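What follows is a single chain, given as structure tokens, in the form predicted on its own.
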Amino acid sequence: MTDGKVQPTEREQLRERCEREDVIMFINSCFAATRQNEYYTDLYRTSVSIEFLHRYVLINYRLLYARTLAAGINHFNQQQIIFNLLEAGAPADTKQRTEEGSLIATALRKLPANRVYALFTRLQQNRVNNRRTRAVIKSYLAWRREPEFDAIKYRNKYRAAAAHVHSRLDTELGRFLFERPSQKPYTTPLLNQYRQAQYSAAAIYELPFTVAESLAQKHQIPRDVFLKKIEPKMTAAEKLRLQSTAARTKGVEIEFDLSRAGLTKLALYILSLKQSEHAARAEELQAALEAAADKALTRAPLSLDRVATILDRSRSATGSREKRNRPLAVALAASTLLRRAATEYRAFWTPTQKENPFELLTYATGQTALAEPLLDALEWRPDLIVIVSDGYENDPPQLVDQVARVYRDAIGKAETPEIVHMNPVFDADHYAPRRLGATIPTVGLRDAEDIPIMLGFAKFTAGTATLDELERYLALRVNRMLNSDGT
């Protein structure tokens, strides 16, 4: 006993450390993990690893598992957590049950609608139909402002969800979803337009793009004609997604306002262009990237002094077939965001390529060599060094951590700049984004826009914070999420 306080036993300290590391590993994984192929890991290994992580944390740390919904994790893991919580049923503790219910409802309203309806379909297919699940689905369907739009766009999933929970629907909506198609008109304009589009090719241009696209095939409308006429109905995200498709379709050019794209999505779009188009539009694209970074910093302010980044553009930064160029796009977006947030900034790309005034002209090639650019960055003496890499250092292997450790030992911890490794790729073999070593803390990174959050979370992965501090951090995030008016 010291100063009247009972010191924890060695056993209690070990348990606290295990719990802290388990929860941190889980949250860190939820920033980067998806059920998709990665450059080094296939879909099966990734799926097994993620499923195990979720089950383990749900069973052992249910309160913190639910609170992870507020930590800023990616949409895939939010879906997974909500499914597991609903499948497990409500907890016995009233306070915990109320908080979980609020987190689930709030998270659902922030998720894209296509992900929510996919989640409802999964619940229906797995026969998860307890009282809480029914209440959650009914509440979400009642909250939607345009149920007829959802009914058209996600028809099968909407019908499955409504039938699964025996939801009371509007008479016309019920007829549209559950009765055989007929020529009897609807009084709801959108439903009537959809009915007309079944028989008239001209009527499909009044429908949302994704619905009209399938009907265009039914009416055998040429792709170029369809894209030209449906363009006014496209959302900004659809226009961005279809830029490359339109370029391959002769005679079609879809106008797209670059200022409406998010930073990381814009970087992905830029990297999908041909190098010749990069060079021709470099100034325009660079200005759009900087504008997107400024917007991101307005939503999540970040002010830094002297910052250096080490950006991995090795061959593996091309990503997988499903996530083409994503690691490289995150590095490009991160560099743009940190440049705008810092008073002084330098980027060290690796491997070295011919210098170009525009970062967006970069491309992925070669091996991952992080030690040499780290030495260059340390020589510049920044306050913060951010490494954006998938963590597969192979030229030479595992040297960057030794460089950081030796530098810290020689210069002193107080004089060493903070070094954070941000990894956009999940490593299924280690249940977490791959680390560079014990000296450099690693955090998962979904999008570059999340960097302000991840810099705050890095202290937990560095092992300098206690379990109590982590719990307070999550409680604070929960409070912000439940009291925000963003829903």
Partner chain sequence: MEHKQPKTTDCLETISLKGLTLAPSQVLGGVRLVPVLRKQVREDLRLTKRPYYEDIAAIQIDNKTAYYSYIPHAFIADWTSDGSPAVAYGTQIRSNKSTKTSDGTAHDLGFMTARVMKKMRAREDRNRLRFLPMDVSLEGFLSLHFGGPNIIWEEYSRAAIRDGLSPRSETTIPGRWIKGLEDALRVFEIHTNQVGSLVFVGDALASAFIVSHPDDYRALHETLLTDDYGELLYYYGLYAQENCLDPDAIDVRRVRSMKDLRSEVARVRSDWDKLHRLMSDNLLDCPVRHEMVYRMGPFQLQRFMTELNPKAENHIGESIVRKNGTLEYLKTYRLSAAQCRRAYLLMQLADSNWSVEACAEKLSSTRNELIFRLEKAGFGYLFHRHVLEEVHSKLR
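These figures come from a predicted structure and were not determined experimentally. Numbering follows the first chain given and starts at 1.
Below: the form predicted together with its partner chain, not depicted.
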property: Partner-facing stretch of 255 to 263, 129 to 137, 359 to 367, 234 to 242, counted where any non-hydrogen atom is within 4.5 angstroms of its partner chain in the predicted bound form; result: 359 to 367
property: Lys295, His278, Arg315, Arg324 - the one with a heavy atom within 4.5 Å of its partner chain in the predicted bound form; result: Arg315
property: Ala410, Ala202, Ala142, Ala287 - the one with a heavy atom within 4.5 Å of its partner chain in the predicted bound form; result: Ala410
property: Triple contact flag Glu372, Leu375 and Arg405 to its partner chain in the predicted bound form, non-hydrogen atom at 4.5 angstroms; result: yes
property: Thr94, heavy atom within 4.5 angstroms of its partner chain in the predicted bound form; result: no
property: Partner proximity in the predicted bound form: Tyr40 to its partner chain, non-hydrogen atom cutoff 4.5 Å; result: yes
property: In the predicted bound form, Ala118 touching its partner chain (heavy atom, 4.5 Å); result: no
property: 4.5 Å heavy atom contact, Glu379 and its partner chain in the predicted bound form; result: yes
property: Residues from 108 to 139 in contact with its partner chain (non-hydrogen atom within 4.5 Å) in the predicted bound form; result: none
property: Sense of the change in Cα distance from Glu469 to Lys413 in the predicted bound form - at least 3 Å versus the shown form; result: farther
property: In the predicted bound form, whether the C-alpha atoms of Thr464 and Lys413 sit closer or farther than here (change of 3 Å or more); result: farther
